[in-house]
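In the form predicted alone, a lone chain appears below as structure tokens.
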């Protein structure tokens, strides 16, 4: 299974509105990671669960706001999310879904219309792609963007706070930065607590249980230069690790990096 499906970038994708981006996704024109697509708009990680498991998962997110900052929670059976975009259809608007059955990956698909059940609850969790635009606007270079890759993500030795059936390790995303840029990145991302906020670790990856930066658990490896520090942010893929451990009968997630694009401006998430 490839970690990232190659797919040509849609024309004018960098300036697309949320609705235009979602329509391209519905038409099957974009099935890959969404970094750089509609870059001024909030993107979200997606978890869809039966109502019987949704209460535990809601508490899990509330107890772990750093990796699991909630942007929206649907009513059972509702596939619209009006607070994020008036025309969103969560069954069709994610470039690539993963279907999990009792903790095992059952399928990858570009829509879940035929699978949809009336008791399913959708959770949308903040994504670091939102604060990336603030870093780029400040003049920083992000390696996975310049190398046209998905961001590198790693399971760590940092435990999350359990809730009901859900527990597991924190997943982090990594961006290599020079020391001066690292200081500025901390200042900038601290303004965005709804999309993971400031880094959780800087420097030696072994201190958080990562053995090899060249072997990410999700996404793509990127070059780390001799004068750069690996900087790690809490990541919205963390729930997928908890789902693998909890093994609910069924759940749906986005494929790592293939996010829901909303109509919200990234600037609206800044706390100051």
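In this text, all values refer to a predicted model and were calculated from it rather than measured experimentally. Residue numbers count along the first chain shown, from 1.
Only in words, not in the display: the form predicted in complex with another copy of the chain, which the text now covers.
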| property | result |
| --- | --- |
| Option from 78 to 86, 106 to 114, 193 to 201, 165 to 173 whose residues, in the predicted complex, bring a heavy atom within 4.5 Å of another copy of the chain | 193 to 201 |
| Heavy atom of residue 157 within 4.5 Å of another copy of the chain in the predicted complex | no |
| Non-hydrogen atom contact residue 229 with another copy of the chain in the predicted complex at 4.5 angstroms | yes |
| is_contact(residue 74, another copy of the chain) in the predicted complex, heavy atom dist at most 4.5 Å | no |
| Heavy atom of residue 187 within 4.5 Å of another copy of the chain in the predicted complex | yes |
| Candidate from 213, 70, 207, 244 lying within 4.5 Å of another copy of the chain in the predicted complex - any heavy atom | 207 |
| Answer option from 183, 136, 161, 99, heavy atom within 4.5 Å of another copy of the chain in the predicted complex | 183 |
| Residues in 23 to 47 with any heavy atom within 4.5 Å of another copy of the chain in the predicted complex | none |
